[in-house]
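Alright, here's a single protein chain in two forms, structure 1 and structure 2, each given by itself as structure tokens.
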Structure 1
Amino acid sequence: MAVQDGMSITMMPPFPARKATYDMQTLKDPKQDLFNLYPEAPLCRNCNACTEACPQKIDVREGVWKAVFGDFKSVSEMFMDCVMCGMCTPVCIADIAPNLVALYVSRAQGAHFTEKPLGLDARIKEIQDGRFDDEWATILKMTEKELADHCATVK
């Protein structure tokens, strides 16, 4: 009875890597929300197994502590190398999934604590307001020859 037709055998990771779900854009207080989404994050016991497991040579343990202390910027920089392999998770004696914690923290850093680029908004507005419409009209009217000549002038 144990094995039935069509049943598939898959290696399951022997740990519950629980990914929290959240709506990044509507979070009110991302630094506090970390403790609701990943309540185990502050329970790190400093064993350093995660850091030793990391193939990308990230100081994972340090990153978890920085996340807990609200230094989201440092975490986002440290974990830019993270390939989400999850090697840090099965070795954690406190059941933390450091890569998931860091992903949440990095996204929060980007979405909530990084300056909005004014130049980008200005460009979007320019496009909406039709600032390039005349130039487009000229270019799209050109014959192939004219267009090729025009392209050659742009260096």
Structure 2
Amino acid sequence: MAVQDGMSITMMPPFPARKATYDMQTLKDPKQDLFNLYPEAPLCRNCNACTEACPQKIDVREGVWKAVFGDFKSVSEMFMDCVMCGMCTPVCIADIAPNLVALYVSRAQGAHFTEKPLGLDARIKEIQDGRFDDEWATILKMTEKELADHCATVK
């Protein structure tokens, strides 16, 4: 929304949330690792301030609790519209960064609990072996018009 006469604007002072560092592929038990990486997550006091602060209207409080109880799939779906603005973090009285918890959970869901599409490993190997290098080089040399024409004929 554009600023209009009569509006009151408040700027939130930026402050860094504690972001855990992890290598998703090396985690052995992602649901348990949530508590190692974000030990404050189960301390949620259900005040709902995070949900009230969310400009995307995500039920952030419920997402944190679902993460704590291991329902990673639901959390991933709930936070699909999260833009990582961090508005939920400064209002949290338990010092949780709910957006970062949700980001970890979504990554873990994709890496550890979602089946890969059939043929994905074979396609990745083809890419690594350079099967598509010539086609890619051709596309990169195209002008915008040539690319648009090419895309129109591929449909």
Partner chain sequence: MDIHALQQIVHGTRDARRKQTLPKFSPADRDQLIHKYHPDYRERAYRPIRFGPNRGDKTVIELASLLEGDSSIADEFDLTADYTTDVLVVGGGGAGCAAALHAHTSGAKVMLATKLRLGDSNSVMAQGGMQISVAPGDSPVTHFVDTLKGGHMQNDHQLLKVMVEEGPSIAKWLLSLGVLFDRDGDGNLHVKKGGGSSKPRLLTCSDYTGLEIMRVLKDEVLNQNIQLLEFCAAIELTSDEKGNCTGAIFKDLDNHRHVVVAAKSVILATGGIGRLHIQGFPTSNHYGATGDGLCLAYRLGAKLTQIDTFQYHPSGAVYPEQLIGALVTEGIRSEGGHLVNAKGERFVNELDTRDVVSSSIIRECEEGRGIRTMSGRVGVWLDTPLLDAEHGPGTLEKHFPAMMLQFDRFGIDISKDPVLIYPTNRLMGNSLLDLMVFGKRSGLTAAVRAAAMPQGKLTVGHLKGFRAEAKKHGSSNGIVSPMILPAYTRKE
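We call the rigid core the largest set of C-alpha positions that still match within 1.5 Å between the two forms. This is a predicted model, so every value here is computed, not measured. Residue numbering: structure 1 sequence, from 1.
Asker: Have a look at both and say which one is the form predicted together with its partner chain.
Answerer: Of the two, structure 1 is the form predicted together with its partner chain.
Asker: Does the C-alpha of residue 46 move 2 Å or more between structures 1 and 2 once the rigid core is lined up?
Answerer: No: residue 46 shifts by under 2 Å between structures 1 and 2.
Asker: My question is whether residue 123 is one of the residues whose C-alpha shifts by 2 Å or more between structures 1 and 2, given a fit on the rigid core.
Answerer: Yes, its C-alpha moves 2 Å or more.
Asker: For residue 144, is the C-alpha shift between structures 1 and 2 2 Å or more after core superposition?
Answerer: The answer is yes, as the C-alpha of residue 144 shifts between structures 1 and 2 by 2 Å or more after core alignment.
Asker: Could you state, for a rigid core superposition, the Cα shift of residue 134 between structures 1 and 2 in Å?
Answerer: The shift comes out to 13.7 Å.
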